[in-house]
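There is one chain below, alone, in structure tokens, taken in the form predicted alone.
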Amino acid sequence: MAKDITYILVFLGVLMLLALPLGHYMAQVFTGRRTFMSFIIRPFESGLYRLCRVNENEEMSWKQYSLAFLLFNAVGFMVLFLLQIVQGRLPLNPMGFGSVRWDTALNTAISFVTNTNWQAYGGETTMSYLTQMVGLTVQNFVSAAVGMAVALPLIRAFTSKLRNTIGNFWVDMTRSVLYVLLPLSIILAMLLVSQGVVQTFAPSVKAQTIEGTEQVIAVGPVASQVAIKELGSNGGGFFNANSSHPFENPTPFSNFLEMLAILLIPAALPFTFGIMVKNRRQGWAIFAAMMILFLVGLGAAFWAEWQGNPILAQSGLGSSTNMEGKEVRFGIGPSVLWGQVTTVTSNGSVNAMHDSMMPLTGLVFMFNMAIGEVIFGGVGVGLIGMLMYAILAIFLAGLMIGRTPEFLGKKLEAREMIMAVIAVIAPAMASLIFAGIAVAIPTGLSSLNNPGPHGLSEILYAFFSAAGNNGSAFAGLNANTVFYNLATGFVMLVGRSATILPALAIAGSLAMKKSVPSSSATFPTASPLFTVLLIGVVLIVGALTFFPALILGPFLEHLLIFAGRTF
């Protein structure tokens, strides 16, 4: 256990050392200031604007920004859907894969466009190299860039005064790709190749097993996809086994790098926020709330896995420590840390099977996703989600002190509150409603591998993952059916649009307001008191919304295990 705790502390230390300068760098990028990368990237950036006839100095209203966001995603969806349908007639398909089934193609297109990267299919047995690269990897870049771009109008709105514009979607997205995602992905891909992650266009390798049968060993352009899937909080592996596959994650060092990449940009964005709103303490207050929630969940999950399964202890087979579903290369500490990292962000990659975790560990992971993945969250969208909770917290503080709530000099009125409530509640409603439908109909239950509360956990996890645009799975549910492909696809769309569009509406509203000077009656939001209030609001809203379902699933399973029953 001491070794695992040391590993976690080193990980968090390295994360902080990298997140602080990255946050400052991104603030320079998104405010249009010159960076050390400008002399290389700026010519390409200007050329793209000229090619696409984009005036980088022309700003958009929040409605224009929202329309650009919707149109861009609609085009990306159509291209990716059609690419899967016709992949059998396209090049770079050495294994000769045919068309992807229509409902799987539809679900996958929605999944990757919404940055969910939920995979109801086996990547190495379904998708050609061309589909993996031109379709999935490209969407890994642009969906992450969209997430970063849509957070910027909300940040700018706090410093804008009496303006009806919030920025330019095309400029924000382009800078996110060119200055942040692409350079980091190149560095990470090279490091992963050095560790043994494969990167080739060669067809799958055929080998003879010791039994004399033929085994097909899939390879492909893996490292390039893994790098951006982690950095962009995408998830979705080249292989079905994801980052538990030795060709995606071959060494303890590659495991450390990939976990670090998942959290790096989400952890840096609060510092970017603080710099851009000219209040660094505010950025630290939000970061502190995220980190405390992260550590509390990690501690609970780590304790549950080390306590292990009491049934094993009673059987006389030795240690009760739960190693089921975990890679012996990594063990309990890195496996639990990865699970916590991936479920607090919108990254669906795994290095262990969550279906095999202890029930309380599964409860932590599900709660992380259910609350909207605001504990760091996806790139950009996670910060948006936490700011929605911050607006709710400040509204409650305003009620307590008897005055109109203010945040960073802007009064929060009915319009902002309604939009914030929609952003918090709509994804939750979608996940719970469709999970309820799934457990009520034979089609939803027919895909389960486990009965009882564990089966309910598998269904809940799937819809929490879809609504949180996470994409990880318990792996005990066959979701590649028409029902689950359509149901989770719809929930993914709600989770993405119902978070982003209300945030853009709030940005448009705040940008048109004048700044209000703070006074002795203003609630201090850049303070430990605000951090505590923010954490309390996240936990209370999450508990009131999801605990009834979680009690019937993972918590009930926990109690039954101690009664000697398993599922």
Partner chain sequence: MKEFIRALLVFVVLSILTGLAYPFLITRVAQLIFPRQAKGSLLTVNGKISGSALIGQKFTNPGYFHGRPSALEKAYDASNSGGSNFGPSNSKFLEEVGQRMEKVRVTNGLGVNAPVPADLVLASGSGLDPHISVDAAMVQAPRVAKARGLRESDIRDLVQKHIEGPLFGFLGQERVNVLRLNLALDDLSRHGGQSGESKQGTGG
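Remember, predicted model here, so these are calculated numbers, not experimental data. Residue numbers count along the first chain shown, from 1.
Quick note: we don't show the form predicted together with its partner chain, though the next part is all about it.
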Original post:
its partner chain in the predicted bound form: within 4.5 Å of a heavy atom of each of Ala68, Gly76 and Thr137?
Top reply: yes
**OP:** Consider the chain as shown here, without its partner, and state which of Pro246, Pro94, Gly299, Gly398 has a heavy atom within 4.5 Å of its partner chain in the predicted bound form.
**Re:** Pro246
Subject >> Contact residue in the predicted bound form, from Ile85, Val439, Met133, Ile292 (heavy atom within 4.5 Å of its partner chain) >> reply: Met133
Original post:
Only one of 282-290, 380-388, 341-349, 176-184 gets a heavy atom within 4.5 Å of its partner chain in the predicted bound form; which is it?
Top reply: 176-184
Original post:
Does its partner chain come within 4.5 Å of any heavy atom of Cys52 in the predicted bound form?
Top reply: yes
Original post:
Do Leu17 and its partner chain come within 4.5 Å of each other in the predicted bound form, heavy atoms counted?
Top reply: no
**OP:** Answer with yes or no whether Gly409 is in contact with its partner chain in the predicted bound form, where contact means some heavy atom within 4.5 Å.
**Re:** no
Original post:
Does Gln208 reach its partner chain in the predicted bound form, with heavy atoms at most 4.5 Å apart?
Top reply: yes
Original post:
Using a 4.5 Å cut-off on heavy atoms, which residues of 57-73 contact its partner chain in the predicted bound form?
Top reply: Glu58, Met60, Ala68, Leu71, Phe72
